[in-house]
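Single chain ahead, written as structure tokens, the form predicted alone.
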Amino acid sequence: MAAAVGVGQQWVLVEMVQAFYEAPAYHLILEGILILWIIRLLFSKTYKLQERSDLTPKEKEELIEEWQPEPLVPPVSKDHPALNYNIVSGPPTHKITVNDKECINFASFNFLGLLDNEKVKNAAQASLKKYGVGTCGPRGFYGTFDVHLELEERLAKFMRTEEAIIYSYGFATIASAIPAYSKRGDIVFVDEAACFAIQKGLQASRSNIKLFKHNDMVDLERLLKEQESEDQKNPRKARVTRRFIVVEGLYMNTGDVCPLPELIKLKYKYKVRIFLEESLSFGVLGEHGRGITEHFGINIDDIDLISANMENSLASIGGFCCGRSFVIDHQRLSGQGYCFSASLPPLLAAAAIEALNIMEDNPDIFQTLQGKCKRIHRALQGISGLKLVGESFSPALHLQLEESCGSRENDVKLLKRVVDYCMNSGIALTQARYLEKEEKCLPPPSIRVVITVEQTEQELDKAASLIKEAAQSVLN
């Protein structure tokens, strides 16, 4: 038995030697290199100790005394606007008390005057007694109350869509909706004047962003044609790449309306999806306040997703998205602000429902608002040194300097003097604020003028006259 084992081992050695002689030369060379490399790894040190000289205690103390830590935040001057804010006492309704001075409110987005409405407050108080203050849980974890479902149903019915979903924070609504659908590798065509919430949503999506000039459909079509040519070169990649157009109904930063009819034509021509942010146009445009689709008479099914906050016309908190059921249901699993934030406090949901009731029962309120917007738009024309920006039917207008002082900082200071002049005379205005280092396309400094249904014609005329007087005093 032992002899048989020995013969078998000899036969194996013979086979190995024979295979060695029959192997090609490159194979032997490669194996030799690998063997040498393994031997080197086994016997070499993983790191080399660097020679150093120990410091004496005195030298260490000197180095410690010389060391200066970098500041946690960059130095900020004491007169920075963020550190010198105005203090409001009482509700920011038609009359607002700022720094202990009562003024007519031309600063808050209380377009329909529902912030201090008795019906809305009574609905919120009744909900407070029934449900308490908050929810202490996201919608998927015992944070869904019956009043949330009622509000979603009412919003979907009001907007004439299949379904709606509500968020507890207006800013997070579109910022969560965009990355729920658009992912890495997808392409988003977005207006360069898009608000900061849209920009944060685009950043979270990690998609390829292509900016087109503000409301310039020729520039947008140029980008769409370029993408069409790229898709033809790589049809396999094009089949799995989603394409979106993201616009605002009324632009927060400009007060301009988007050319929605032209966008619809481009949508079907180039097979892209449209996301429409209507925070400024919801409850403002259209015969019944349904927004820009009603304003232009466009079928709402032509829009893939509509988003708006409830912090302007509805005078509540939070936001909503509406559209087809399969589109909205996807957000219940992928919308970050919906899945991970505590749900909307029931009292705010009840307030929003009552605000919808008022909008439905008083459709004339939208025509009243439009008339007041047009009145002050005419009155603010031709102010020396200031340029009016925004549509005549926009409830938020911008006044920009006709000529810059040479630096953004000086422009902001000059406009602040105009705001302060008006404030001292009983008209509360505000400057548009931006995170200057994070904005993709930073808008020029401006004074924002907000119109509501509560302002009388005399107050509108007074505000326009006072702004002209302030401009003449400060700018000239």
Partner chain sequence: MLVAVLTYVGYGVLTLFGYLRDFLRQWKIEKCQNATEREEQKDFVPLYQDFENFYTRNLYMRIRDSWNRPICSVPGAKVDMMERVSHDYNWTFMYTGRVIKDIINMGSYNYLGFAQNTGACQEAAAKVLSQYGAGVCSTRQEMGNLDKHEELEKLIARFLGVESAMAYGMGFATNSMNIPALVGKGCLILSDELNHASLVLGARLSGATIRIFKHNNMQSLEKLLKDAIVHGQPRTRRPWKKILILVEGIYSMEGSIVRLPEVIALKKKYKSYLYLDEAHSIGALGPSGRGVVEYFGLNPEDVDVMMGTFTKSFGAAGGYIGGKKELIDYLRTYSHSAVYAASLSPPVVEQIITSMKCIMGEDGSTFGKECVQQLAENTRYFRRRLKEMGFIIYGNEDSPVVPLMLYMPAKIGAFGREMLKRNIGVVVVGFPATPIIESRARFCLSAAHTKEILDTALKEISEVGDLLQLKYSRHRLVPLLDRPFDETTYEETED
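The term rigid core refers to the maximal set of C-alpha atoms that superpose within 1.5 Å between the two forms. On a predicted model such as this, the values are computed, not experimentally measured, just so you know. Residue numbers count along the first chain shown, from 1.
The same protein has a further form, the form predicted in complex with its partner chain, not shown here; the description that follows concerns it.
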| item | value |
| --- | --- |
| Stretch in contact in the model of the complex with its partner chain, which is absent here, among 220-228, 276-284, 200-208, 369-377 (heavy atoms within 4.5 Å) | 200-208 |
| Contact label in the model of the complex: D302 to its partner chain, heavy atom within 4.5 Å | yes |
| 4.5 Å heavy atom contact, G382 and its partner chain in the model of the complex | no |
| Exercise: V412 in contact with its partner chain in the model of the complex, heavy atom 4.5 Å | no |
| Partner contact for K233 in the model of the complex: its partner chain, 4.5 angstroms, heavy atom | no |
| Single option in R324, R160, K101, K387 placed near its partner chain in the model of the complex, where near means a heavy atom within 4.5 Å | R324 |
| Contact assignment for its partner chain in the model of the complex, among G90, G185, P363, P259, heavy atom within 4.5 Å | G90 |
| Residues in 363-377 close to its partner chain in the model of the complex, defined by a heavy atom within 4.5 Å, in order | none |
| Rigid core superposed: K60 CA moves 2 Å or more between the shown form and the other one | yes |
| Core superposition between the shown form and the other one, C-alpha change of E409 at least 2 Å | no |
| Threshold 2 Å Cα movement between the shown form and the other one for E70, core superposed | yes |
